[in-house]
Every structure is written in C-alpha cells, then in structure tokens.
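To begin, one chain is listed below as structure tokens, in the form predicted on its own.
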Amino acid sequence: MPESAPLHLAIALEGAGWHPAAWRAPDARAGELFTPAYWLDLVQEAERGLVDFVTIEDSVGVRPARYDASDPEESPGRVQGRLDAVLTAARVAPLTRHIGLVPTVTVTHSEPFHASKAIATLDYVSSGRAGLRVQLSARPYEAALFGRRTFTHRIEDRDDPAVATLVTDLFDEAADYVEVVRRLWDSWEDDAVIRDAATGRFVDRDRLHYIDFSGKWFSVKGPSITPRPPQGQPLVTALAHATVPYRFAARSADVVYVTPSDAAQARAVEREVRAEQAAAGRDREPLHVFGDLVVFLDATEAEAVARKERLDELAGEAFVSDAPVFTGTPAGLADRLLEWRAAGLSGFRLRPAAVPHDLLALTRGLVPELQARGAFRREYEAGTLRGLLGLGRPASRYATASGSPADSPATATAPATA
C-alpha cells in the first residue's frame, strides 16, 4: 500500500474493553454497561476522533473469559451479558452524523432474511452508515442454547480432522448467508417506491424481484420486506485468521480483519487474501484488508506495561488474545500502523484494552499523531460509510430485469461454496 494512500481506522467496542478485568479499572463505567447512554458516549467519542467506523461486539452465549475457552465456566471474572449489537447501533445512529456503525451478527444461528432487513433498516436510520460484521459460532454450549443443531467437537481442537470439516462447512454456510443477505438488499430496485397517489400505486411491483436462492443451507424466495438500503449494499466485514476464513472473506466481504504479528506476516497475509480474491473472481472489486490489534496506550511504554500488569493481576492470568497486543505510546502505535500500511494493509481495527482509557488514547493521542504525519483525515469527507472507505455504490443486480415478479422473477442459484 503506497504511503500516500488514505489510512482507515475502525475501533472495536467490547463491553468495558477487551481485557477481561477492564471493568475493574478505576475509571471503568461498569455500572452503565447496559445503558444506551454508555454506548452513545463511546461512539460519539470515536466520531470525535474521525474514525471510519466502530464495530460493536455481540455473541449468542455468555462469554468465556479467555478467547480460546470453550465454556464460560472455565474462567469466570469478566463482564457477563450484553445488549444486542444491532439494536444498540440503531439507538446510536440518529445521535451521530458521520461515523459508520457495524454491529456483529452471528450467522450460524440466525436467519439471513432477518439480518438483511435489520441492517437495511440500520442503513436507513443512519442515512447510509450501516455495516455488518459476520461472526460464526461453533461452540457446543452456544448451539445448545438454540437446540436446533448439535456441535460435538471442541472448536479449539484444530488438529482434529472433524473440526476442520466443521469449520469449512460453517464458512461455506456463512458465504451462502451473506449471498442471501446481499441478494435481498438488491431485491428492490432503487426506484421501486413510486408513491403514485393518483393511481394508488405505492410500489412498482415490476421493480421488486424474487431472489430464488436455493443452496445447501438456505432456500429463500424473497423479495425483502425492506426497500433497497441507501448504500445499496451496506458494508460486509469479517475477522479472519487462516486460509479458510481468508477464502470466505475474499469471496463475501468488503473489509477483512486480519491478525499478523509483524510487517512481514502482514505482507504475506495480504498477498494470500488477494490470491483468494482473484480465485473468487473478485480481483477487480475493492476489498480492504485491515489489521486488528488490542492496544494498551499510555504516555510511556513503561506506564502501559505496568497498567496491563495490574489488569492481569486482577484477572489472575496474563492477557492473551487472537490478535497481537500492542503496549506502548500513541506515537509508537502510529509507527507500527504506518509500517504495516507499507506492507499492504489499508486500515486497522483497534481494540481498546480498557474503556474509556484506551479509547481516549486512540481518539486524542493516536489520531492527532497520525494527522501530524499527514496520514489521517482532518474532517469527514463523505456522507456514507462506503464513501469514507472509497467504495462506490453498486447497482442492484436485478435493475435490468424486466417483467413482473409474478411471471418473470429474477432467478438465482447457489454459488459454488468457498
């Protein structure tokens, strides 16, 4: 990625922060975690920092303390319970103006029809700033909460061939899920709502289309109940750590979050994602590759290290994450981000270890540092999330279809799985 390319920033909001003991920090607002005012404050602070978007974490089960734990009972001692991410984003949307809102949706146990209309509605409520972070669920205890399917293997046993098959199947399912969501967003042409009072026709039904998706996991006829969103296609994002999820993201997403440990690995991962993108036939489409980092930021590296150690002591164990952990100063983090941008990454999703401390360090420390180096915006330059990321507004794939949906529906078949 050339040094002159715009640097994009996202902030991943998770409870009181990504460290399991963050809620016990002196400045934590643990008593407000389930209030809309808390989340509004966080998003508005991120907007003051001019970041492209926030992601809002979600899950279908009570969270385990360790990211690699398979059961919430393995390590108690962190925040349990959460608000629904999509509804939280909808509450925040009218009270913000520029920042993108990307809630997490677990696709393994939900229906794409419901997700499609929820994110489309968020795009209306936010006037074109909505996105979706796709998340899978392979943990047996989470499947048991729904009772509709059974997972018998520990997802952490990655060397087990049965786990590898399960993971591949779940990502294939997720790819079909996203395909259904995207087709439902397109199922209303942009000018389908005509509001012709003289004839009494509110909608031109010739501009509504069946999607007739039929695949291994979903058979969805459509069309959507919600008109095409303001962005046409709200942003689809996904976290990926290895080849199978890279393949899924290269096929289905607009932004993929990756977790390299250094610049050389960032370069290698970016190349692998691009190869998968080309294999999926999307090499001419934009796909952002963002690096994910957990951050502890203070005035000096020693202070950041000491704060992390205090939180580790409260948690009873050293903090581990699926993403690299940066412990240092905003200037040091800026050095790291610009080095990795030169390695091919177009942006970063930063996870504040403790909120509000590390969130404020990002918006009031890192952002001015990047601005001083000419590497980050000084004002929002677009009105939609796709615009902020330099993505065009795609036309509906059904816009050229003719005939009424009753006698000439736009047909579609399931694409090859990832």
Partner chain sequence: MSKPDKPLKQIHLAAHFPGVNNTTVWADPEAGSQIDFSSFVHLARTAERAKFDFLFLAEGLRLREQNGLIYDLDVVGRPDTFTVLSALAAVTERLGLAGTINSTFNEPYEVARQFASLDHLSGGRAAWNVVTSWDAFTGENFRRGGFLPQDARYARAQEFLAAAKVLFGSWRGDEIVADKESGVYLGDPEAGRFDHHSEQFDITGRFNVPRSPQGRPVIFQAGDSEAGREFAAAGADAIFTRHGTLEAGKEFYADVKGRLARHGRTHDELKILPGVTFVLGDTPEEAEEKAALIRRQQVSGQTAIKLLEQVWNRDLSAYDPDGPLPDVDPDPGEHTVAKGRASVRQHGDPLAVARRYREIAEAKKLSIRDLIIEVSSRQSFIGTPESVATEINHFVQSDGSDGFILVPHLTPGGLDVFADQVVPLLQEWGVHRTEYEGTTLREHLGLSADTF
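Positions refer to the first chain, counted from 1. Owing to the predicted nature of the structure, the values given are computational and were not obtained by experimental measurement.
The form predicted together with the partner chain exists for this protein as well; it is not shown, and the discussion that follows is about that form.
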Stretch in contact, per heavy atom within 4.5 angstroms of the partner chain in the predicted bound form, of 78-86, 242-250, 324-332, 344-352: 78-86
Partner contact for G49 in the predicted bound form: the partner chain, 4.5 angstroms, heavy atom: no
Decide whether D196 counts as a contact residue for the partner chain in the predicted bound form under a heavy atom distance cut-off of 4.5 Å. yes
Indicate whether P26 is a 4.5 Å heavy atom neighbour of the partner chain in the predicted bound form. yes
Taking any heavy atom pair closer than or equal to 4.5 Å as contact, tell me whether G61 reaches the partner chain in the predicted bound form. yes
From F171, F296, W188, Y257: within 4.5 Å of the partner chain in the predicted bound form by heavy atoms is W188
Find the only residue in L311, A263, A138, A118 having a heavy atom within 4.5 Å of the partner chain in the predicted bound form. A118
Kindly confirm or deny that Q277, L287 and L360 each have some heavy atom within 4.5 angstroms of the partner chain in the predicted bound form. no
Taking only heavy atoms into account, state which residues of 120-134 are within 4.5 Å of the partner chain in the predicted bound form, ordered by sequence. T121, L122, Y124, V125
